[in-house]
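This text opens with one protein chain seen in two forms, each one given by itself as structure tokens under the names structure 1 and structure 2.
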Structure 1
């Protein structure tokens, strides 16, 4: 099929090399030549309920990335105790396009997945609440909706950043690190990073470096987070923010700090640059931002790393509350409760069994997925 084709051939699809007893349930490729749509959807596991996962738009996404993100959502939703499994979708396109062109592309994607009832769409990198409104208009199956149609706009309120800050409040004492006065570096001052910076700043932490796709700015005297957000809104970048030193964007990696927060793309820290990190605690605000090999090296150095599907679950928790018709107040309270409890549990387990936080988190999340699978005839 040339239009909106669905491909599920395990032998032809390289993503099946990652398959295990948890999933994936299905891998689907969509192509609509008329709309210029090329997209992939991975539904990983739906034992706990229909999968929730964002749609990511970028020109360099891949099948492997989509699967890895879908699995992260399975673990994230299970760890958070949600009635949802994990899935993810990617659209091959440059997100900074004309609004009418983007609307046409998102609506074409929504119609392509219209019959996939076990996947609920949410916002991700390159998409936002407005995009979810377009999806809702087409198929009535989206979360992270605009307020005007009854949604809880998770990017606007900073749901993921709120969870990252809650995670940091729990994790910091495990490094003998007072949060009040702690120096924070934010890699990716966007919808997650700017809110994490704001909430941590309210807890007394000091942001000393922040980056986006164009530049990194730094000041050991501290950066006014609200003023930086306003500067980026007006100029399009953190670049040349008054009172800071501007450097190339990857300068954030070596910035001296107490807490380093990756909140942008996957695999930004790898074996080739992990040695540059100069921090005591890493809270993963982005999905899969550090390779497995790099995480092992950080553990050997004594750097505490809180894995993505524990630290950045605030967005999907908010989405699940919205889907269940809860309020914004319900969402923020639930995010703090769940992330505080899960961070505490994995760090206590890691300390007791002398394993990494990721190993502890994986054991907890996989156990919860398998428990859900045991209750279902089909998943």
Structure 2
């Protein structure tokens, strides 16, 4: 093969399509036939410090998904001002398997990445606290640990919901909305949604609708959030909660409210249903809940939308505090401080430059990554 052809051939390798000036620093494939392990790790950018990102277990994961998630962590961690870069890993396996088999797979994964000191493992879809306990036992480099070994149980304390509420407190005045008495609708009454509802309620807002994968319940008189959480725990759903009107699941989308909080699945709002939203402010608790096109339409209608990687950073901030050996109290204080400051910064920038909050947030995050890169040795 001549020289030009071999260069062309190398550039055609699918992995190079991801390369830009921010990363990725490394893409690694791991295979251990004895343990049945097939995994990929993408360490995207480590300018601010070792990368933090979850390990996702699913049978249909891919390199492309792993890279996009790693880049999202680079931007989320930089936006949050953490001393960590972004990375992500995926294990090709069906997560619902016998516990002893899952344990040996996770331990094999931990050993495979043991020497990659620029990557700290966290939980993601298909993995949990117990898995992080096994990773910690093998390589002493994991976050989202069980309480028994110094972990801060972020879903139990509502770290992400706490950040979502802090974000709403800053954003509401930007659409002339008093939080006291503001009507809130929550899509996805799970770990994020339930706690966001609870903390917003404590700030004077009234939850008027909430949904899960089975149904949506609504009451213009307001819903008792703790009683709804207890009802969901005992029955498995928000459906038929006394004193509310039960609708089909997607009834939440058209619920009249002042603040709409998606806290369920990606891409739930798209150009086909965005017209149904009847709200003034959206705080994105879930990751990528609204397509780019729908977000543009909301901006044109004057609905203020706070992007996911600013609003839902509470979980990763909590993980970083845990890694630095901080306490639960430190974590909640740091989440409030960082999300309040970042929401203010992007909304001021958006107002001044007449851009969307997402554009302002992207610019802020990329600037922080580049500033951190400028402090590193150049080769």
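For clarity, a rigid core is taken as the largest C-alpha set superposing within 1.5 Å between two forms. Residue numbers count along the first chain shown, from 1. Predicted model, so just to flag it, every value in this text is computed and none were measured.
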item	value
Selected structure - the one that is the form predicted on its own	1
Residue 338 C-alpha moves between the two structures by 2 Å or more, core aligned	no
Residue 272 C-alpha relocation of at least 2 Å between the two structures, rigid core basis	no
Core-aligned CA displacement of residue 129 at least 2 Å between the two structures	yes
Core-aligned CA shift between the two structures for residue 112 (Å)	6.6
Shift in Å of the C-alpha at residue 142 between the two structures after core superposition	2.7
Displacement in Å of the C-alpha of residue 33 between the two structures, rigid core kept as reference	9.3
